[in-house]
Each structure stands twice: as C-alpha cells, then as structure tokens.
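Below sits a lone chain in structure tokens, taken as the form predicted on its own.
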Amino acid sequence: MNILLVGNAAREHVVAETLKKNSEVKLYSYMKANNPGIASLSEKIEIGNYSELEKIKKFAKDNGIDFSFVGPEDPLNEGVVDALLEVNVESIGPKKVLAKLETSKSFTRDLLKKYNIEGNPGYKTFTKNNITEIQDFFDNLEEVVIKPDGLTGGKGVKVQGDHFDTKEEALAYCKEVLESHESVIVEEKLDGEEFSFQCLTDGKTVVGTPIAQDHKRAYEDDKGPNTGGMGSYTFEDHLLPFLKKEHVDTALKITQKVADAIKQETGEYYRGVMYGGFILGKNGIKLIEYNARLGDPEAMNVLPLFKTDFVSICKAMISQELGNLKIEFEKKATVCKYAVPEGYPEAPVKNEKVEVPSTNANVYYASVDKKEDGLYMSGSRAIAFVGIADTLEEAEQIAEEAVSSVKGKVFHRKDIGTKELIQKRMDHVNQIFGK
C-alpha cells in the first residue's frame, strides 16, 4: 500500500512511524524541508511548498498513491485535500472549506451558536467596520481574550493577565490584528485547566483518543512567551487527575455535534482529525478552539499508544466505517519534552549543531537539517523526546534523561510531567470549585 504523507514536523515523524508499523506500507513523503526521521522511513521524498498543488498531485500520481495523510494546517488551508481528489486520491484531512474549523475561529464559534451546541464562551467577532463597538463589548466582560481570525502558528492569541493587563492594551492589539486580518474575535477569559482531546472522524462517527495536556509557555512554571508547545503528557488511565470521565464524555458529545453540524452546514462529511482544545472551569467544559489536524506535541503522546493498526483506522475513516472498528490503546503513561534552540521562541539561535546520544525514549525530529557532519537546528523546536511507561513518574524520568543528554545550544522545560506541576494543576481546579 502506497501512502503519501504531507508535512515535515515531529508530528509527521510520529505519523510516519505509526503508519510504517504496518509492514505492507510504502511511504512517500512531501515535505517543505527535509526531516531526516521521515526521510529514513520513506521510499521517496519530494521537497516543495504546500501551495505547489500541481507538484503534489504529480508526486501522488507518479507513485500510485492509495491515500494521503495531511499533517499540518498549512496544506489543509492551501486546499491540498481538494487537489488530491482531482487525481482520485482520498485523504485523512478535511477539504479546504471544512478546514475552516481551524483556519477561521469565527466559523467555529458561529457554528456552535447556530446549532445550539454547548461549550461556547461569550464572544463577538469584529471587523474594521465595527471596531468602535469593541469597547462596549469589553464593558460586559471581566477579562478578555483576543484571537486573530485565521492561522497564526499557535502564537496569535493574547490573554488578559498573561500578555496584557488593561482593556486599553486589548483594544490596541485588536487594532493591530485588523491591520493584517479581516476580523478579530473577542472572548470572555475562562479560568480553568486546559486539555487536548484529539478525535478521529469519518464524518459520521467520532472516536476519542487519550487526553493530553500541552504546555505552551517557553519556561518552567508556565512563564515566558507562548510557543508551539514545549511538551505534553498523558496518564495511563487516559484521563488527567483533575478530569473525570463525564468531562471527557461532554467534550466528545460536543465534537460529535460539531461534526454533524459541519455536514448540515456545508453538505460535506468531515474526514480527518478534530482536535479540540477544551477547558474545565466553574461553568463546566468549554471549547477554546478546534484544530483540523493532530497536535504537536500531543500526537507524539497518543499515536505510539494505538494497539489497533493505524492504517486500518485510516481506511475506515475514508470508507466511513469507523463505527464498525474497535479501537484500542495501550494503558501506558507518556511524557513528551522538546529540546529547543537557545533564545526560542523570540530570538532562537540557528544553524547550530546538535548531538543526540542513544536513548530509551522515542525520538522525533522537528526543525533540524541533516548535513554530512551531523544535525543542525534551523530555529524552531528541534527534537522531541517521549518517555512511555506504566506510570507517569517513570515516563517523565525516561523523557528527562533523554532530553538532558542532548549536546548543543538547547534548553527544555524540566517541569513537564512532574508531580509538582501536576499538583499545581489539581490545586488550581480545586480552588476554582472551592474545594
């Protein structure tokens, strides 16, 4: 079976590894930059931009591709799934119009509102035409979150109390956003604990995977600027200590309703990943946002846990038979920690050599170039290390030992997956619920 993988980050490296567990798979990878981990698992690679749709179609045709797996949001936004359908190649990933679930935050908020789906916070979308009304809306909210309407690489959202202090600063950021985006969304700030719920869907059935928690802030104790994600963890029971099964059931119910609403709204079935960022607060479960693809880093926590053949799952998603498949996961805990260049995310060192000793952890390459004399960092998150074990404590030790052994101008968050940080999360939830 010939499978095309589109993407070149650590997320796609773990996707490649998971697909290749099926011995019948031959992998062909289209990447924006050469990821040595993905290249080593591929029969053939092609380097190019995700906007080069004719080039991608030709690569698929020339290699007799059976189906494709589109990893990142950019190619989804470029319409790669639609282009591949023109050469009769189905994809795991939504068409461009359906990828608006991620690429347009207002589309998703309005969808929940229109179809009376629970989980929306208070929100309003503004354009340059009604910017004067923003101040009035601010007056109804205690604290606010500002979100550009469009793709920002996970770094455009700003939260009062974290990124700015006053409503005046919030208004200034709204105006700044509207210089480069058509619209901006103002939402009420929610107090709670966030969790990542990556679901797979064939458009009819939605299947949940183990819950993960990501760490966006660059430095320990959740300090510093936002990043693409410094690491994440999952527990062996596939919940988190502050989450109950009923909370996950609510998040799954919301996601199923959104999948149904997308079909009703667009006439199209959504096939691919619906990754919900949710928050548990005093008013229950609320939706922060959806992504139309797997999380990075959370994919690296969850994909290695699949006991069910991942290729069979992908085929069931394409043929809309996901409801007939029993999907099982290992009862293991995982901790993922990223080694990133010094200065990341604001002024990262580039073209610095990095050495990775052999380790018990799973290793996934992100922004690294392989040259004749070794690996060099290209400025973004470099290499992810995932510890997998029966308990979180053991998984954290494996990940920490591995990431600490990297030689080069790198740093990482030592606190991800530690008892101390997780206790802080639990204390936060207890405080919200007055326990």
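Numbering starts at 1 and follows the sequence shown. Computed from a prediction, not measured in an experiment: that's the story for all the values here.
Beyond what is shown, the protein has a form predicted together with a small molecule; the following relates to that form.
- Note on contacts: among Lys244, Lys189, Lys350, Lys113, the single residue with a heavy atom within 4.5 Å of the small molecule in the predicted bound form is Lys189.
- Note on the partner interface in the predicted bound form: the residue among Ile288, Leu151, Cys199, Val89 having a heavy atom within 4.5 angstroms of the small molecule is Ile288.
- Figure note: of the listed segments 260 to 268, 139 to 147, 311 to 319, 168 to 176, the one touching the small molecule in the predicted bound form, with heavy atoms no more than 4.5 Å away, is 139 to 147.
- Using a 4.5 Å cut-off to the small molecule in the predicted bound form, each of Lys105, Val157 and Lys216 places a heavy atom inside that distance.
- Not displayed here, the small molecule is approached by Glu194 to within 4.5 Å at the level of heavy atoms in the predicted bound form.
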